[in-house]
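Only one chain is included here, represented as structure tokens and corresponding to the form predicted on its own.
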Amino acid sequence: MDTVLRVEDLHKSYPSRWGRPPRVALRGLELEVPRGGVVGLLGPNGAGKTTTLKAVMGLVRPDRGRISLFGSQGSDPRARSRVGFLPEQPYFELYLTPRKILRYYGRLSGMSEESIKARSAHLLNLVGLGEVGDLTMEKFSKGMLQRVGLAQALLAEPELLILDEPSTGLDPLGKIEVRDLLNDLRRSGVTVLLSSHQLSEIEEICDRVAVISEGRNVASGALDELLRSRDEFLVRLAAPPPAGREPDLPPPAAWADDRTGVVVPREALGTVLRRLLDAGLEVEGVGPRRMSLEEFFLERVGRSGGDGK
């Protein structure tokens, strides 16, 4: 599998004041991002997600470890030029307009004036700012500034796009538009590494996930594989049972919320099937139950802290 980003044995600590021991952010983190698709980075508050992204972008210097981009050292300017980055809180000089901001970053990237002009017009329309591209950003909302940041990250047509909380400040429509945009980028061959505290967003967008806790990678892989429970099955019914005529189920088997299915542990599957059929219910199929990303996250990380930075 072609890997565009590889992080090996990454360590990072931050100094503390008043003689306190350093705060450890990363403890030998391992991470691989294969070419193509969208990879989600998950973890509770303080797990090291933002530190990881900043280390990849060269914004913080790790204590030790190795970062590779496109097979080259992460510090290689040629490799870095193939990466677009949106920080969690993008900062711009607010007296400028979105079009001037994009021209500035385009010149830093070595783009020609003609390419900057054409690409800026396309991206401002793409992120919904085509009509305000020449207005100063003094009165822009947080969501509008986030859209400017997304346009900046896409300006030089990166092969790897790194996004830290890209939906911050966006309304529900804006979040849908970002999701559709990421799906379009995936189809065009752009690789995306996405950090988000919204588990539903990760589950809808990502092909793969990496879960980090206390600075270590505790689970990673294809989302479908990780969420496939090997100990539970879902028995699907053609219709829910009539009210008051549900057959008794051996615990911990339980009805699904819509009553058209039963979640069954492996050892009780035969018993449950017999009781459903004896009650005259039509079974449409039986298959492994897919966990929700929230269930998987809590199983690997626990309930303390919640998901965030």
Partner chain sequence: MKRFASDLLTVAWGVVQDALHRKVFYAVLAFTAILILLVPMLPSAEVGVQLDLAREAALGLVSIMAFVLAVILASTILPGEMGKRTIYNALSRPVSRKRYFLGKYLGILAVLAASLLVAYGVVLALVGVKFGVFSPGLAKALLAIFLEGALLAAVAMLASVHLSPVVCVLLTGLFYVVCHVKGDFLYRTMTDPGHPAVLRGLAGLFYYLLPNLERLNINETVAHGERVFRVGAPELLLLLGLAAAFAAVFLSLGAFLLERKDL
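Numbering follows the first chain given and starts at 1. In this text, all values refer to a predicted model and were calculated from it rather than measured experimentally.
Keep in mind that the form predicted together with the partner chain is not shown, yet the notes after this line are about it.
Site residues Pro240, Ala256 and Arg274 are none of them in contact with the partner chain in the model of the complex, judged by any heavy atom within 4.5 Å. Exactly one listed residue, out of Val60, Val263, Val283, Leu249, brings a non-hydrogen atom to within 4.5 Å of the partner chain in the model of the complex: Val60. Shown without its partner, this chain lists Glu88, Glu214, Glu204, Glu159 as candidates; in the model of the complex, only Glu88 has a non-hydrogen atom within 4.5 angstroms of the partner chain. Considering the partner chain in the model of the complex, the lone stretch of 217-225, 127-135, 73-81, 179-187 in range is 73-81 [heavy atom distance within 4.5 Å]. In the model of the complex, at least one heavy atom of Gly110 sits within 4.5 Å of a heavy atom of the partner chain.
Contact check for Leu234: no non-hydrogen atom falls within 4.5 Å of the partner chain in the model of the complex.
Taking non-hydrogen atoms only, Lys49 never approaches the partner chain to within 4.5 angstroms in the model of the complex. Heavy atoms of Gln152 reach within 4.5 Å of the partner chain in the model of the complex, making it an interface residue.
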